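The chain below stands alone and is given in structure tokens; this is the form predicted alone.
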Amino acid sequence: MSKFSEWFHNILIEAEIIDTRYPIKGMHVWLPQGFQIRKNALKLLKSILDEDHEEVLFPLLIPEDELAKEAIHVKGFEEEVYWITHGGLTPLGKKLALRPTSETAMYPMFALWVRSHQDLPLRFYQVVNTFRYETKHTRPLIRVREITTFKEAHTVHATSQEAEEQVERAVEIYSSFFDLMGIPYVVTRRPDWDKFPGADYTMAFDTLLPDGKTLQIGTVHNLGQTFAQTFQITYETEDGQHEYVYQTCYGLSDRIIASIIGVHGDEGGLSLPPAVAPYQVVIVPIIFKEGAQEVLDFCSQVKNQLSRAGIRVHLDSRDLRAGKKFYEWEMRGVPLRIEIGPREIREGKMVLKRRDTPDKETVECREDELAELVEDRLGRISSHLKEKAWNMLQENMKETDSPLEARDIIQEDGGVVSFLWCGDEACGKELEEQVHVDILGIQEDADGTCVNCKQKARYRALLARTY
């Protein structure tokens, strides 16, 4: 897609996803269409999390002394924190931070809640707003100052092994979630200089947008005992000893909506996966002067039948030309359009138009098979969008054994470049400077020769331009 950045900005406006004209840079208003996409995506995510997590809600404000306890963590966010210094006209004795993330808000409470091994494990999550004073160029849904869809999970365990297993479970959760929306991804272990502040290590999910840049869409952090020691989160073992707990956390943001828009969209606008589309089906009556009411009545019956089957369906009965309606609903990304006119009623048929393909099909309109037919087409759309997106990612992943070739590939074509790396930080940073892009992270262990320093390679790693 040419000029993706311009396309992305325009579609947010035209499809009424968000309004960016709010008078604070980096903050936006969710409009009904965008909010419904967000709501449906979160519903999918919560349905997975609720299998073995509990939802909570912590306060927005964090006392300065609590935030300052974890020095490494604070250092990672010190330039991004918004501070509250007054209550009305009265100066506060203690500054309060608007949460950039919630470790330092939650963990003092965890220290109160955890007493014995019988209290463990804890698996909590919340969906909240977070605030970060982003100093780089802001981009709607991608780089913002108020993250309005911040899902963060925090878990507490008795052993290091249990924390490792939770990291694996978190990767499974996010993989399942992105699969439901047809979003392709690579999972890597971030290099140490790019891990979450205070974590032992960070796993990350990245997807590829049409401009050839990768977008980080999810992270999973093994926190070890770093925060447990800072906030004195201990438990009594079965033999009466007191031990520090082990912790993990993992998060998603507004970028999940950006990825849905960017990965599946095309020159015609949005192309939404049925799982998150506000309307999965739109019915457009083909109306002429004679028989208009008959057509509307028939379309209303079809709508009611699909609604009873749990399908999100809309009947567009506005007094507008059918062509204008077609354009609008295609631009908004509705997965399936049904067209019904006098001829279709006479012949007992209807016309189906999938958003993900250019073709139309005429099918029998049988009441006892209607819902099953539509659900079948929605399933096909989901599968096709997923397959198409994964193919695009795989076509844009290339291997190299030369830093110069890696630079040329990324500059000319974008995408993700795979290479062998020794794992040394100095070597990695030197490589990033040579190719002018970031090391996404380690994908797997490997043998061979490092692409940069020519020493023994320990890993296969990935390079890409990032947002």
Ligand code: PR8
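Just so you know, these numbers come straight off a predicted model, no measurement behind them. Heads up: residue numbers just count along the shown sequence, starting at 1.
Keep in mind that the form predicted together with the named molecule is missing from the display, and what follows is about it.
> To test your reading of this chain, name the stretch in 327 to 335, 309 to 317, 393 to 401, 128 to 136 whose heavy atoms come within 4.5 Å of the named molecule in the predicted complex.
Answer to the contact question: 128 to 136.
> Within 4.5 Å of the named molecule in the predicted complex, heavy atoms considered, which of 143, 384, 95, 354?
None of the other options qualify; the answer is 143.
> To verify the annotation, which of these, 219, 230, 207, 166, has a non-hydrogen atom within 4.5 Å of the named molecule in the predicted complex?
Exactly one listed residue reaches within 4.5 Å, namely 219.
> Within 4.5 Å, heavy atoms only: does residue 263 come near the named molecule in the predicted complex?
No, residue 263 stays farther than 4.5 Å from the named molecule in the predicted complex.
> Please tell me whether any heavy atom belonging to residue 272 falls inside 4.5 Å of a heavy atom of the named molecule, as the geometry stands in the predicted complex.
The answer is no: residue 272 has no heavy atom within 4.5 Å of the named molecule.
> In the predicted complex, is there a heavy atom of the named molecule that lies within 4.5 Å of any heavy atom of residue 339, even though the partner is absent here?
Close contact is absent here: in the predicted complex, residue 339 is far from the named molecule, nothing within 4.5 Å, heavy atoms only.
> Residue 196: heavy atom within 4.5 Å of the named molecule in the predicted complex?
Because a heavy atom of residue 196 falls inside 4.5 Å of the named molecule in the predicted complex, the answer is yes.
> Could you list which residues of 146 to 175 come within 4.5 Å of the named molecule in the predicted complex, counting heavy atoms only?
Residues within 4.5 Å: 147, 150, 152, 154.
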